[in-house]
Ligand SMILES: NC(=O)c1ccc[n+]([C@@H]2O[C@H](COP(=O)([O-])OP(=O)(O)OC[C@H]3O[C@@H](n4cnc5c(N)ncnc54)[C@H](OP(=O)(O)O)[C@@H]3O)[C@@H](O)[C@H]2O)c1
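Given as structure tokens, the chain that follows is alone and in the form predicted on its own.
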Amino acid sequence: MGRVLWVTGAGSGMGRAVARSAVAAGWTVVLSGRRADALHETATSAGGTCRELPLDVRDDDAVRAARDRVVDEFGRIDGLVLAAGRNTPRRGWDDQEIATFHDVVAVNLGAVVTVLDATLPDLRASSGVAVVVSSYAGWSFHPSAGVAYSASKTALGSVVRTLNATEAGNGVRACHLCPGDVATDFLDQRPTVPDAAARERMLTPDDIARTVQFVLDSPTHVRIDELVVSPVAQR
């Protein structure tokens, strides 16, 4: 059995690209997301050894049950890529809905902590690595990102730093990955959706996958605390 990677948000965009890249690099990849049909498309396109594990990362009990299934089948978890994300077009103080605010924070922040907490014993056992997919807005404040998104993504930097500070002795490594604009369907959640010309100037999901693969395949004595990857046109 090779190294085992669990990817959340694997049904599209960056998560899908990461899964394809990891399979090509020889990892066994477990795919999680809310839409079973999208996970199946990822698995089909990735080939190799993939397992589809539909999951709503906001459900704490479901996350822990999913972790148990992964370990029961494969015996280990060597890596995590936490790519599930959420935003909303109504994201400012003047138009946000508080219920949606809490949901964005639950996906972007709460679920990340839940998955890390559930898998920490496994990461300790394997000297594992976690890539937390944050945002350029989590590295450098950008008001257009919205109240909930900015707050939740910025907090991920503290989550990663705390994990690294407390788990270094156990060989656990985490990376706060902050992509700039990436041409994915996630852009459809913006108040003004970028057109095709704007997307041409952005990063691609494969750009992010190459970056993630660099982190995943780094030696166990190397920790990449934070990476910011942006298109030349990023402002």
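As the structure is a prediction and not an experimental result, all values here were calculated from the model. All residue numbers are counted from 1 along the displayed sequence.
There is another form of this protein, the form predicted in complex with the ligand, and it is not shown here; the text below is about that form.
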{"query": "The ligand contact in the predicted bound form: W139, any heavy atom under 4.5 Å", "finding": "no"}
{"query": "Contact label in the predicted bound form: A130 to the ligand, heavy atom within 4.5 Å", "finding": "no"}
{"query": "Interface membership of G79, the ligand in the predicted bound form, 4.5 Å heavy atom rule", "finding": "no"}
{"query": "Distance check, S135 to the ligand in the predicted bound form, heavy atom within 4.5 Å", "finding": "yes"}
{"query": "Contact check for V4, L31 and R124 against the ligand in the predicted bound form, heavy atom at 4.5 Å", "finding": "no"}
{"query": "Contact stretch among 168-176, 49-57, 23-31, 64-72 - heavy atom within 4.5 Å of the ligand in the predicted bound form", "finding": "49-57"}
{"query": "Residue (of V107, A148, V115, L163) lying close to the ligand in the predicted bound form, criterion heavy atoms within 4.5 Å", "finding": "V107"}
{"query": "Interface residues of 72-89 toward the ligand, as seen in the predicted bound form [heavy atoms, 4.5 Å]", "finding": "A83, A84, G85"}
